[in-house]
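In the block that follows, a single chain appears as structure tokens, in the form predicted on its own.
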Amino acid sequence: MLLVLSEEYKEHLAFLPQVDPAVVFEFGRIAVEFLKRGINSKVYDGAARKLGFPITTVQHGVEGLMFLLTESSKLMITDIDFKDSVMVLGFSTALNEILLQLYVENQTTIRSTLTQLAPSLPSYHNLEWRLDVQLGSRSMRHQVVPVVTMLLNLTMGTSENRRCCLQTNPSTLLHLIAVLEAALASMKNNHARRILRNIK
């Protein structure tokens, strides 16, 4: 599977052929460090002064390289597909080899960093529900007010459990069920299947 870059990132990466291959390799190292520790603007200032380029150009170059490496790692692109994806950018063979070397050396590091950055979403564990009906009150003797109370148990991470108490009327619950069923049905169309195939 080939990685398709937007025009914006192609413009950011167009800066790379203007610098020495050793500088491109250093930019790759900086991009991986930024993924691990966050962006440090002092690094951009120092690199821009050394190279004689504006800070924004250097920043866009590093960000474009960071995007190229993270998206390729996320999609687990093979070496051949990565070469083909970079070849579209029109770089020299030497620069393509440097980018491939950066990708191969840092692929596992980037993937582990991305998994650490991913939020841990709660997952369903159990649902308990109860239907309460108020048949009347002092002022209104013949009223019927149904209320559905649900206790949702969620698992957060490895051992942490969380409980949420939800209360709604039956008409809202029916609407919620209809929306969720429509979402499940939309997952069965060809467009959604194509997207899911590309995600895997």
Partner chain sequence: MRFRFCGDLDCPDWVLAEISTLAKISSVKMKLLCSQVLKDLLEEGIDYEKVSKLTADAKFESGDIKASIAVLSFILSSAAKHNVESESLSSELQQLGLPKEHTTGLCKSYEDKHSALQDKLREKSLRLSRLNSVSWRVDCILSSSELKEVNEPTVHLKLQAQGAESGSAETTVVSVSAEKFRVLLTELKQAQAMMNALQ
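Because the structure is predicted, anything quoted here is derived from the model rather than measured. Only the largest set of C-alpha atoms that superpose within 1.5 Å between the two forms is called the rigid core. Numbering follows the first chain given and starts at 1.
Unshown form predicted in complex with its partner chain; subsequent notes refer to it.
For E71, no non-hydrogen atom is located within 4.5 Å of its partner chain in the predicted complex, even though that partner is not displayed. Put simply, L151 is close to its partner chain in the predicted complex: some heavy atom of it is within 4.5 Å. Within this chain, K50 is remote from the site of its partner chain in the predicted complex, having no heavy atom within 4.5 Å. Among residues of the shown chain, P146 is not one whose heavy atoms approach its partner chain to within 4.5 Å in the predicted complex. With its partner chain left out of view, the stretch that reaches within 4.5 Å of it through heavy atoms in the predicted complex is, among 60 to 68, 134 to 142, 24 to 32, 37 to 45, 134 to 142.
Between its partner chain and the residues E97, E128, D84, E105, the one pair within 4.5 Å by heavy atoms in the predicted complex involves E128.
Once both forms are fitted on their rigid core, the CA atom of L127 lies 2 Å or more apart between this form and the one not shown.
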